[in-house]
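Shown next are two forms of a single protein chain, provided one at a time as structure tokens under the names structure 1 and structure 2.
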Structure 1
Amino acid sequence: MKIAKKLLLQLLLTVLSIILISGLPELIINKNVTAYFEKVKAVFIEMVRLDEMTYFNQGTERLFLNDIWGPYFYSLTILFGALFIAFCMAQILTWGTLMLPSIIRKTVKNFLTFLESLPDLLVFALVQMGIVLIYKKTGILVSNVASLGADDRIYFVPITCLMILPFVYFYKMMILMTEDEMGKQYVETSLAKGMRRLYVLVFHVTRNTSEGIFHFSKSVLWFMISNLLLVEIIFNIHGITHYMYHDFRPEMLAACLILLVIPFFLIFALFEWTIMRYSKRGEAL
């Protein structure tokens, strides 16, 4: 119960800070503090009565909540898909890499440092060019490189673009943390007992690194939401950031961000709760 209360408070604060921040452009345009507070108040009222919020689409005024669900779940699919694939691939490859001798691991790590420093825009550009190149050479269109309007949905390209860098981040972090964990005594003991390396890695070490990875995944997600904006603009995807960017009103920004934040917030709360229970049980033993 205590945890639920804390989480609720945190969620409220997140929403509040989003509303406060979304009023800032007003302050900058008018250089007037009272105008800022009035704008914040207006945004707040809009948020409370979200079901009456309207926006303009091709000259006609439409209800926001009627139109948003499709693009919203589309964006969530892309984000979650990318996060999930990146995480799973990184985990499997980490297990594989940790079985290799340390010289190869060192090369892998150096290569990952190099990959880490690719700007995300470069990754998107390379994916875009790569698909066109494959099409030119072989005539096989792997996927559409741009979506044509609201009803045309592409999944392969945006998910690939969004997952590459998080995958690299996860992979490097996991290797570093697992190597750190492998030096601990319980690993030596279990290896000495004759357990296989892979078994120890998968069942014991991974459990102990999971908490650190979980905290790290928060900052990965932070980075991915920003990238979602770019991906949706580059590939002309009609997702939630389309509304955010093309409308450009503080109300819209606040509404979209709050909608984006809530599912992730719930999922992280769930994970945190499980990990806490899990590690507490471990302490009792």
Structure 2
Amino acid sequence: MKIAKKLLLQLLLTVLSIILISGLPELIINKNVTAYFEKVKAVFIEMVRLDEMTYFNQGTERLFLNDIWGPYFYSLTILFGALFIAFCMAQILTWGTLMLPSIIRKTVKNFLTFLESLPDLLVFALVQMGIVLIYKKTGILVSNVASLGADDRIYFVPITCLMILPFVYFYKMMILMTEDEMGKQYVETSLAKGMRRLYVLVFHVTRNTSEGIFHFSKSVLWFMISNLLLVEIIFNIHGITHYMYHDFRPEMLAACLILLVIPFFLIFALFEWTIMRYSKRGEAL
């Protein structure tokens, strides 16, 4: 029950934060605190009456909830796909990397530090150029490099672009946390008893680092949501952020962000409950 109350409070605070942030343009433009709170109040009322909120599509006023679900689930597929692939690839490569000599691990970490410094737009451009180059050399079109309309959906390119930097962040953080955990007494004791290093790494160390990785993944998710806007603009994707940059009202921004956050919040809540129940650190709590 304590966990449920805590998670409900976190959800309410997250929604409230989004509503407060959505009103900031009013404060920045007019430099009027009263106008800011009036705008926040108006946004809150729109969120309560979300089923009545409208937007303009080619000069026609339409209900927001009537049109949003297709683009919404399209964007969620891209986000979920990118996050899942980035996490799984990073975890598998972390297990493999920790089996290598320390000098190789150091080289890998230095390379990951370099990759972290790459701008998002450069990564997106390199992916596009790579697909074009493969097509020119082999005649094989791996994927379209842009959507041709609202009904034309591409997945490979946006998911690939969106997962590269999160994969780098996950990979580096997992290596650092796992290396730190491998130096603890229980690991040395397990290895001294004859347990295989890979077994200890996968079934004990990974479990004990799961809480830290879990909390780190929340910041990665916010990074991915911010990059989703760039990905959908660059590749002409008709997703949920299409409504954000074509109708840049605070209430539209708040509605789209809340819709994006809620499913991930529910998934993270499930993982947090699982970690707290089954991990050693969770049991200690």
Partner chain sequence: MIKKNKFRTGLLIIFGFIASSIIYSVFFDSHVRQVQVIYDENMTPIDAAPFEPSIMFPLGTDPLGYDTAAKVLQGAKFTLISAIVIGILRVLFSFAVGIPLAFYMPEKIRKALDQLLSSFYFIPLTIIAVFILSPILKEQIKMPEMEPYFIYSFAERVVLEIIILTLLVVPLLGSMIGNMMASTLKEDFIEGANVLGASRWRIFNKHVMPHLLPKLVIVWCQQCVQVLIIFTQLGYLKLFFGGTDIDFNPFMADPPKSLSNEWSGLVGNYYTYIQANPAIALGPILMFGVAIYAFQLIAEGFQIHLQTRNVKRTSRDKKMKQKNETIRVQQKFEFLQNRGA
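Bear in mind that the values here come from a model prediction, so they are computed numbers and not experimental data. Between two forms, the rigid core is defined as the largest C-alpha subset superposing within 1.5 Å. The first residue in the sequence of structure 1 is number 1, and each one after it adds one.
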Form predicted in complex with its partner chain, is that 1 or 2? 1
Students should find the CA displacement of Glu26 between structures 1 and 2, rigid core aligned, in Å, to be 2.7
